[in-house]
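One chain follows as structure tokens, the form predicted on its own.
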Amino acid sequence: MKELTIQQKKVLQCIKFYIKKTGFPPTRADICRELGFKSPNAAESHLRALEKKGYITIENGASRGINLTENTAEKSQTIPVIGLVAAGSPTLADENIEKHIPYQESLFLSDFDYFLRVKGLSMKDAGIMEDDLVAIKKTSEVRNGDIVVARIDDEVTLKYFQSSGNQIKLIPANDDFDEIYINKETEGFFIEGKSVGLIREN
């Protein structure tokens, strides 16, 4: 599903809150009241955008005819925490999932797909410590300076991304660790996602 704007995320959160609290979706007037919109047309335009992006369906002619799609409803429940990734296995394989935790959309500005539990201190100077949970959005579209999850053969690593010409550099945030240089054509290397936030459980 396509990424949402900040306002669209607020409208989606409002819908989820009303359904959880009352068992019914909000009316356009409810959304205006909660989010400070001056006109029901503003709420309607955001609802239509959410529908177009696949997050909700709208029943015409019903004031509360807003329904979460199956994908949105599932995502609002739990999100997997990935521990140490077994060599050669897909990151989201069952054997790598240590638990699921409640998904809170308000945690970060961007959507994300899973938490990766940090092993080691290679990113400590970026404020990422051992056992922290880094929220990862699955994407191969990253920019220089992003913190990415990269797979090199059977190893998965979390590093700063930098690309120049045909070379990629994965940069740690700790002088005790070496930078990793990779040719873009290298087999067995690909970007699995990027960090959009972090939480510390303890």
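The term rigid core refers to the maximal set of C-alpha atoms that superpose within 1.5 Å between the two forms. All residue numbers refer to positions in the sequence shown, first residue = 1. Only a predicted model underlies this, so the values are computations on that prediction, with no experimental measurement involved.
Unshown form predicted together with the DNA; subsequent notes refer to it.
Residue contact with the DNA in the predicted bound form: R28 places a heavy atom within 4.5 Å of it.
Contact annotation: N60 falls within 4.5 Å of the DNA in the predicted bound form, judged by heavy atom distances.
Using a 4.5 angstroms threshold between heavy atoms, G145 stays clear of the DNA in the predicted bound form. In the predicted bound form, the DNA lies farther than 4.5 Å from every heavy atom of Q167. Put simply, of N174, N41, S163, S140 only one has a heavy atom within 4.5 Å of the DNA in the predicted bound form, and it is N41. Not one of K20, T69 and F112 is positioned with any heavy atom within 4.5 Å of the DNA in the predicted bound form. Annotation for 36-56: interface residues with the DNA in the predicted bound form are G36, F37, K38, S39, P40, N41, A42, E44, S45, H46, R48, A49, K52, K53 [heavy atom within 4.5 Å]. Superposition on the rigid core between this form and the one not shown places the CA atom of A42 2 Å or more away from its counterpart. Once the cores line up, the CA of P25 ends up 2 angstroms or more apart between this form and the one not shown.
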